[in-house]
Every structure is written in C-alpha cells, then in structure tokens.
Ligand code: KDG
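In structure tokens, one chain follows: the form predicted alone.
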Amino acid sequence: MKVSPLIEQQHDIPKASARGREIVDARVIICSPGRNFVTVKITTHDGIYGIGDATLNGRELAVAAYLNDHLLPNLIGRDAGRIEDIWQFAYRGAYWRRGSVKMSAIAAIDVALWDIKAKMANMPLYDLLGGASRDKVLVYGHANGNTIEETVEEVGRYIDMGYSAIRAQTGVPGLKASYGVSKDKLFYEPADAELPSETVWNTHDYLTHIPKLFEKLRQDYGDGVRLLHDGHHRMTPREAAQLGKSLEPYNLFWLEDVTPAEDQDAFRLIRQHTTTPLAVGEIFSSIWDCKDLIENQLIDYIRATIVHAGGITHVRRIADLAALYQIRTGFHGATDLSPVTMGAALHFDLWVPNFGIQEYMRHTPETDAVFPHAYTFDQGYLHPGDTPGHGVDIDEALAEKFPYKPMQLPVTRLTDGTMWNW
C-alpha cells in the first residue's frame, strides 16, 4: 500500500526519546513571598522541567509532607509523558481516595507534567488541550469596604481599572470583622495568625444588610457592571434562599458558596425559591463533590479549582460533565493559589468550551517576582500568553529569601459562642 507523503512527513517529526522523558528529579519548594506557597518542580532526563502548585491555605506543610514522603519518590524513573497513568497511580494506588491534602498533592504533580508535555511539544498549554475557544478570559476583581459607602467607592475604583465584573463585600454593622473585608484592598490574605484568630458572626444582621449594598450599587453604577457576592458557606439552605430572593431585583452575576455543599441536595431548596444564579465549589476535591449538583442543575457555575481538585486531568472531567448540563466554569482564583495555578487556570479557561468567568485576586509584587509569568491583564480580561507550557516559572534563588511562616485561617463563632462556618 502506498503511504502518502504527508504521513511520511509526520513520521519524520523528531520526538523526545523514552529516556529523555524519564523523570530524574522531583522536589518540593516552600516559600513565603507575602504568603506561603508550596511548589512542585519535576525535571526530566533531557533537562525539561515543569512546576505545579500544591498550596492549601493554612495546611501547607501537610501537603508538602504527603508529596515528600509518599508521592514524589514514586515518580523517579517514570515517563513524564504518561500523565494519565501517573494520575491514576497517585489516586488509586494509595487506596485512600479524595480529600483536600491528597488531591492538592496530585494536582501539583499533574500541572507540572502538563507543563513539561506542552514544553516538549513547544506550544502553549491551551493549544495542547485543544486550542483556544475564545480570545481572552473574563475575570472579576474583589471590591470591599467596612461600610456600604466604602464598598461602593471601591467598586468604582475597580471599574476605573477596567473591570466589568466585580465581587462586592462589605462589613456588617455591629461585627468587628466580616469575611472578604481587608485592610489592603488589592492583596487580600485571610490567613492572619500562627494560631487561628476568632471572629463573630450574626446571620440575621447580614441578611438584612447585604441587599442594601446592592441596591446602592445599582443606583450608582447602573446595570452594565456584573456584580457578584460571596456568602462563604455561612447560611442554612433556607437563609440562603432568602438572600437569593432578596437580591433578585439587583440581577447578580452570581451568589457564591451560600451554604456548605457537603449536602448537595440542600441546593435543591435554594433553587426552588430563587432565580439568582448560584456558584459553588472552591473547596471541592473531586467530581463526586459536585456530581449531584451538576446532574440536577442545582448550580449555574462550578468553581472547583485546579490546585485542590486533582489538577488539569481531573478538573477537565468536571468541566466536561458540567457542559452536558449547561453549567459553566468559574474557577476560584484567590491569593492562596500561586501564580502557577493562575497560569494553568487561564490556559484551561481559554480552551474550555463552557467557560463562564475567572476569579482574579492580584498577588503582591514579592509573589510576582518569585513567580515570573506570561499572563497579562487588560481591561477586565486576562490572557495566559503564548509561552510553551503554562507560562509560569519560579525564581528559586529569590524564593529562598522568603522562608515559610506558620499562618492559619480564622475561625468563626455565632454571637452566643457556637462554632460556625468561617
């Protein structure tokens, strides 16, 4: 049989040898340029390396230990190109499955391997995934203030910076601290002490106060800006339904994390009582955490993040399932994810067909210096760049100047002292 010249030409394309793709080094880098980050660096025999983010806010060393003691030793000598096989080995091989520590560790390895594979192919990661589905990635910023007036002013500042989608959080009268309200309006970091600080919460006061914020925002800025809000798991399903209904006149882009989602069916009650779009998933670690939410169309946006949900390999399965039910992605993107995760997420966002929006909380100049990256912001959108791989690197010499600092997230109690959801 005659072989076409094109096929013969394809066979002439040089490929990395099995020996060249062999993993010869895999290690963890821990640093704290403004906050703690855990990074995995994997290197092949040919000297090509990839990096992945393994940061789990407030539990960083647990993930580092899992990597160092259990996963990384198993990588040496394996073929870096066999991403799926390595993922399955790490997930199934331990017998114990899921969980934020394990899935964050797997995610770091997975992203590093995708970085290597795209570099070996000499193409940006989004091309390796299947090519761009859009020209740029819509992102939202975080506006917050101690009062409604301060938050309204901050929303205006974000509009002036070019954002067309903005999450708005405000303090609640009578409470000393509220989730999402920070001293620094650009670089919010909630982990604030070596041992957890305690805050007080009052759901009743919150439910009566928040609609006033969005009423004022619509009065001042009209309907053109996309407005978002995060409930941060603090409401019961009935309370969440009440808030969603009270916010309907203000046409939110979404209402996020209104109730703890361990009980996925709780969202059925919320859905029955409000048409406000619902988003959830930043603390999910696997597809099983959101399977019922997706299949029953109880949410509108899935926020599972690459670093905590098993990497690109696993999050792609979540996105594919969501696409079947007209649910879009809206990945978590706070500062507790390193620029490595942001870079990988942006490549994923540019490719994934059912993209919705990407959270973008800016990192400090120190973090950006340690993690030089190719992604850029322009008028409310990000682009991952066209550098081979995911486009983010680590300056190890600079990272050494920022040693790990023990820091934990706050905890919350109700006004009567009952332990509650932070």
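These figures come from a predicted structure and were not determined experimentally. In this text, residue numbers run from 1 along the sequence as written.
The same protein also has a form predicted in complex with the ligand, omitted here; what follows describes it.
In the predicted bound form, at least one heavy atom of Glu256 sits within 4.5 Å of a heavy atom of the ligand.
In the predicted bound form, at least one heavy atom of Met361 sits within 4.5 Å of the ligand. Taking non-hydrogen atoms only, Asp127 never approaches the ligand to within 4.5 angstroms in the predicted bound form. By the criterion of a heavy atom within 4.5 Å, Arg226 is excluded from the residues contacting the ligand in the predicted bound form. Checking Phe348, Tyr179, Phe267, Tyr158 against the ligand in the predicted bound form, a heavy atom within 4.5 Å turns up for just one residue: Tyr179. This chain lacks the partner; the member of Ile83, Leu72, Ala334, Met123 within 4.5 angstroms of the ligand in the predicted bound form by a non-hydrogen atom is Ala334. With the partner omitted here, the stretch from 149-157, 230-238, 314-322, 94-102 that lies within 4.5 Å of the ligand by heavy atoms in the predicted bound form is 230-238. In the predicted bound form, every residue of the candidate spot (Asn57, Pro190 and Arg303) has a heavy atom lying within 4.5 Å of the ligand.
Applying a 4.5 Å heavy atom cutoff to the ligand in the predicted bound form picks out His142 as the lone residue from 111-147.
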